[in-house]
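Presented below, as structure tokens, is a lone chain in the form predicted alone.
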Amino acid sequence: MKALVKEVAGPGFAMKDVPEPRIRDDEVLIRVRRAGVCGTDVHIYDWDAWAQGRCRPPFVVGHEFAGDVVQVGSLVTDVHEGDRVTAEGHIVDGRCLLCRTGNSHVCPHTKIIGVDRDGCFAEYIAMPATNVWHLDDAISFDIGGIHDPMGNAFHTALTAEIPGATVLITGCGPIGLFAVGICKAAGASRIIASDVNETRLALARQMGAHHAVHPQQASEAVKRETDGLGVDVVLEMSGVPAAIHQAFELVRVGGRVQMLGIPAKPMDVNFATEVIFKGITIYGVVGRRMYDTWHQMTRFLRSGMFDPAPVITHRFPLEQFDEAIGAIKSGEAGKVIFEIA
């Protein structure tokens, strides 16, 4: 099969002919139809410090996908050939303390497809049947293929109290844009989104933000919408130190800051004034909760109140991987996907 491979410890990917995966008795083989391209893939493509410390080439890249099942292992009873599916890309051990107390999303033994093992930028992928998630017939492969980043947005937003809340979203990359639509569907009273990129601000307005502003305008927008109190919830999606400090500044006393964005390096925080004396709660977001986040996604999509489609701005065949990575790095894209079959 054809696959996009991180072949060597250096920049770039390579299109290769590689053997089709062979499944174990508890796995299924999935023909990949759509695959989302993510910032993690850009890190691996660029071979930056994070990728150098984490990844061990050669391996097939990619961790967001949807497709149809073409083969099932002998022990699999609840997934069948022809099923339309996506999958949770974090493969956990299922037996550690975290997994057995409902916290599989932070399992210390997690292996991620496209990072720690072969991924989905290929014609086929083998997945444990326990990780497979069935798609409703009404859900396109385009939307199925972005459940992974969409799930990060659901996890970030819905572990806070969103109905009736005032919300600030700092960072309007694809996950931040999904979060705007989720907060709107969940009944937030006011949604303020901030970013430095005009293309992304326009997408935030399309997804339902009441205000989409540059960071230097966020303080005034928050004060105006909250009578100077501060927002109930901040969803910090950028990882930019200035945005993190702004999140602590603009959340109200006793409010909540949900942190998904990852700073590129350690940063200073004045815990006394920014956190403790304000009595705020900080929640760190890792992946998707298994599998309550997935149920939330399915139910919101079924409701018709949340439509992630506007966030998808670019589609490429797998062979145009350089162009896909370039679109993300340009800052002028929302969500980028590969059309594989």
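Nothing here was measured: the structure is a model prediction, and the numbers come from that model. In this text, residue numbers run from 1 along the sequence as written.
In what follows, reference is made to the form predicted in complex with nicotinamide-adenine-dinucleotide, a form of this protein that is not presented.
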property: Contact label in the predicted bound form: Thr86 to nicotinamide-adenine-dinucleotide, heavy atom within 4.5 Å; result: no
property: Proximity of Val269 to nicotinamide-adenine-dinucleotide in the predicted bound form, heavy atoms at 4.5 Å; result: no
property: Close approach of Ile262 to nicotinamide-adenine-dinucleotide in the predicted bound form, 4.5 Å, heavy atom; result: yes
property: Contact of Gly176 with nicotinamide-adenine-dinucleotide in the predicted bound form (heavy atom, 4.5 Å); result: yes
property: Contact residue in the predicted bound form, from Cys96, Ala202, Leu229, Val196 (heavy atom within 4.5 Å of nicotinamide-adenine-dinucleotide); result: Val196
property: Heavy atom within 4.5 Å of nicotinamide-adenine-dinucleotide in the predicted bound form - residue from Val285, Ile312, Ile280, Cys55; result: Val285
property: Among 129-137, 72-80, 182-190, 167-175, the region lying within 4.5 Å of nicotinamide-adenine-dinucleotide in the predicted bound form by heavy atom distance; result: 167-175
property: Candidate site Thr159, Gly255 and Gln296: all three near nicotinamide-adenine-dinucleotide in the predicted bound form by heavy atom within 4.5 Å; result: no
property: Contacts with nicotinamide-adenine-dinucleotide in the predicted bound form, stretch 128-153 (heavy atom within 4.5 Å); result: Asn152
